[in-house]
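Below you will find one chain, with nothing else, as structure tokens; this is the form predicted alone, and questions on how it binds or moves follow later.
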Amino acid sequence: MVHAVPVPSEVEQPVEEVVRQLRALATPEGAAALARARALLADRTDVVAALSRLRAEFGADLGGPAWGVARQREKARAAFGPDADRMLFTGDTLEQAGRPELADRRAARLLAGGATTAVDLGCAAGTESLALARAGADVVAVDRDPVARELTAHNAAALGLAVQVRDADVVELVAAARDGRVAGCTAAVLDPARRAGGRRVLDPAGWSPPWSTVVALLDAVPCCVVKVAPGLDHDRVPEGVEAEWVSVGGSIVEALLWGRGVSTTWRRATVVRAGAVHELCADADPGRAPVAAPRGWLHEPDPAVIRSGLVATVADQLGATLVDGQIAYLTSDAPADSPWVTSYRITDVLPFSVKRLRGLLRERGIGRVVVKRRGSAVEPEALVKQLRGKGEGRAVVVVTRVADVPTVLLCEP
């Protein structure tokens, strides 16, 4: 029987002990232990053997923590690049950290109006603080968690950035905000913790700090931005506050509420593809797009377009219509050269039937399919297995509803 070996960074430890370990890793000996741990990870050394070697070479106090942080750095490298190997992370703070390039984008917009002081309300590993400092602001980073403060202070120093780290309660700071300032700063970033006990907290009232503090900050400090859950109900967005949804590579990565002093529109969808940033804005609710039967092309809107409620705006741009009033698939007579959608040529439209679909694919020599669904309970992975055949051809199978009828749109890949 194989037993899982708990990795030190994944074992719950007292806060004081985690802080002590982080400070030990910031020493020259700690840096050597981290470098050795990275080499063992690069060699794909078994976790038991790696921990044994690290403890033998550096002692138990450094060996285990070095392995845990090296694992977090390995995860962070894709987003943070070379900086990851100078920074310290825990699993929780890395999960909340987000992408540095998006933090830089937020900081640039937040400071564009001339703000020179900024506070990061709940700093975690310091991603927002670092971005604000890189953008030229005098930065205050606030958190009640000693681990977050230690990480932010270390990471700022490691990257040569000046950040003042304070122990303070975000709820109290926001309640005391006056004259457009909070914690003595004219600009603010707030990223409430939206997980507890390893699970997402769906009710904003249960975030830390809670939704009431989010609204209070938006009311008190015009130059601010709040990161919120991408699934936030549009009805919660306060009047005069711009809501933005951001996707990278076709996946939603964040949603933002911009303070009234920074807001320039009603809703914004931001799509990042191949390093290029595209923004779609609307000053008012565009309503619903018209509905019509599928035509020659199917257009799948980017998730940021869907979540921002701007499908009708894109439909108008493309001369497209919805295939169903409740489904976010568009259709038109031509392909779309647009960052807002991915286009597929429709070859067949048929009522949903696995038997009939399998026969059509066999007839066409199609043995490999990608299944997409919207408005259907079909499990894509299960349907892919059911439709797998001997043919060399490929297709995209879209399972959806057309005029409220379960329908398959067979498309070219």
Ligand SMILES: C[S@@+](CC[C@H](N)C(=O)[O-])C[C@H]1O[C@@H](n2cnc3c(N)ncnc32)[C@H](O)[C@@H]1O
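Numbering starts at 1 and runs along the sequence shown. This one's a predicted model, so the numbers in the text were calculated from it and none came from an experiment.
The following text describes the form predicted together with the named molecule, which does not appear among the structures shown.
Visitor: Mind telling me which stretch in 137-145, 267-275, 300-308, 317-325 gets its heavy atoms within 4.5 Å of the named molecule in the model of the complex?
Guide: The contacting stretch is 137-145.
Visitor: Using a 4.5 Å cut on heavy atoms, which of Asp285, Glu74, Glu101, Asp169 is close to the named molecule in the model of the complex?
Guide: The option sitting close enough to the partner is Asp169.
Visitor: Contact between Gly122 and the named molecule in the model of the complex at 4.5 Å, heavy atoms?
Guide: Gly122 belongs to the contact set for the named molecule.
Visitor: Heavy atom to heavy atom, is Ser208 within 4.5 Å of the named molecule in the model of the complex?
Guide: Within the cut-off, so yes.
Visitor: Is Ala97 close enough to the named molecule in the model of the complex to count, meaning some heavy atom within 4.5 Å?
Guide: Yes, contact at 4.5 Å.
Visitor: Does at least one non-hydrogen atom of Asp191 fall within 4.5 angstroms of the named molecule in the model of the complex?
Guide: Flag for Asp191 set to yes.
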